[in-house]
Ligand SMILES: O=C(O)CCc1cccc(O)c1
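Take a look at this single chain, the form predicted on its own, given in structure tokens.
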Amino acid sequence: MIRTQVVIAGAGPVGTVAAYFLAQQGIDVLVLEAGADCALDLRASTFHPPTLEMLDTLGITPFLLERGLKAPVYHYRDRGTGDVIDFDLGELHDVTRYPFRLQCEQYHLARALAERLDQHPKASVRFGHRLVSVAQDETGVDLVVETPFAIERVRADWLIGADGAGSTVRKWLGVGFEGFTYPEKFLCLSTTEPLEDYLPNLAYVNYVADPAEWLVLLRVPSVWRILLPADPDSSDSELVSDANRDRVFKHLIGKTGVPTQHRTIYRMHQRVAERFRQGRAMLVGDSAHLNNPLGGFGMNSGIHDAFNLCQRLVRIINGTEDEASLDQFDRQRRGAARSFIQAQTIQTMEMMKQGLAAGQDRRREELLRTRADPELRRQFLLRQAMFQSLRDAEAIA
């Protein structure tokens, strides 16, 4: 039987951040990943300022800055009129060393940390290791793991489930995953075509509202990404076809035959686990909460989960804090997921569907009023940059 202090299921960005944090604090940690490598997930690509500050304590932010694009300004656009309402995170220069969103694919973070963990004396990352079962008692957690060649057993003091939306850990704990799935499918296209040549004054981050077909335009270092809703009755093959690609780009930039590097279909969810802690097992990231990607909050809130939890685990393992602290982790991070992440992303989705300049649209007027008022604008930026959600969570006893 393998013996370790902490097992983390999942080698995505949240799981590897948690593992590296614990290893750096002298905690023995084992990461189990069912896949052969860190997943090449194209969805998460935005790092918010407080996340960059957290990662800086692990020495990883300079690595991301070298590979990402700084995006202080982002736009809310009306597709019909061309109106643009812009906000600039640079105004938060007195709050953070990083007054911008960093556009960088999440797999860069996961792979870099997995490599560092592989060289760390307190850590081990095992790819091709699928968690089969979980059982726990008052002193630890017993795991059964399927490897390419055998069935292994692991005994750990603590278990962290960072194994995604279909979390095996969450299922074995019997924790409900409350919420809903959007009826629409969503299509993500990526292209090297310079969209900025066709759309004037284009920011790196653009939320384009339209009642007929809203979309999100995001720039990452290698490509532009276009995210838009798709007909749920159409087959996936129809949605990723050349004909549909040509329809999207004809409407967007008046051009067909645009080269695409990826064409992917997603389902989007709004779900929160009914609890983030059960005994000696905890849930973080997509294992604990899912939301639509508008705002780029998903991966970031998962990393915030990991820091909140791992700071407590270190103190508990070192004997300076009681295990009851983990109940506060549950309250704080579940509260943040429900009151901020879910509410904010649902509101943004509804705004995008309605269009910003449709008649006397209330939301458009609200955004214009917010931009014009320095105090309202500052509070808005603090919410969008996720500082306010962290403050609200920390206030939960």
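Residue indices: 1-based, along the sequence shown. The structure displayed is predicted, hence computed values, not measured ones.
There is another form of the same protein, the form predicted together with this ligand; it is not shown, and what comes next is about it.
In plain terms, the part of the chain that comes close to this ligand in the predicted bound form, with a heavy atom within 4.5 Å, is 292-300 out of 146-154, 271-279, 123-131, 292-300. Although the partner is absent from this view, Arg225 contacts this ligand in the predicted bound form, with a non-hydrogen atom inside 4.5 angstroms. Within this chain, Val169 is remote from the site of this ligand in the predicted bound form, having no heavy atom within 4.5 Å. Within this chain, Val216 lines the site of this ligand in the predicted bound form, having a heavy atom no more than 4.5 Å away. This ligand is not drawn, but in the predicted bound form it has a heavy atom within 4.5 Å of Tyr207. In summary, among the residues Phe177, Phe307, Phe249, Tyr266, the only one with a non-hydrogen atom within 4.5 Å of this ligand in the predicted bound form is Tyr266.
Of the residues given (Ile85, Val141, Val314, Cys188), Cys188 alone sits with a heavy atom within 4.5 Å of this ligand in the predicted bound form. Contact residues in stretch 69-108 (any heavy atom within 4.5 Å of this ligand, taken in the predicted bound form) are limited to Arg101.
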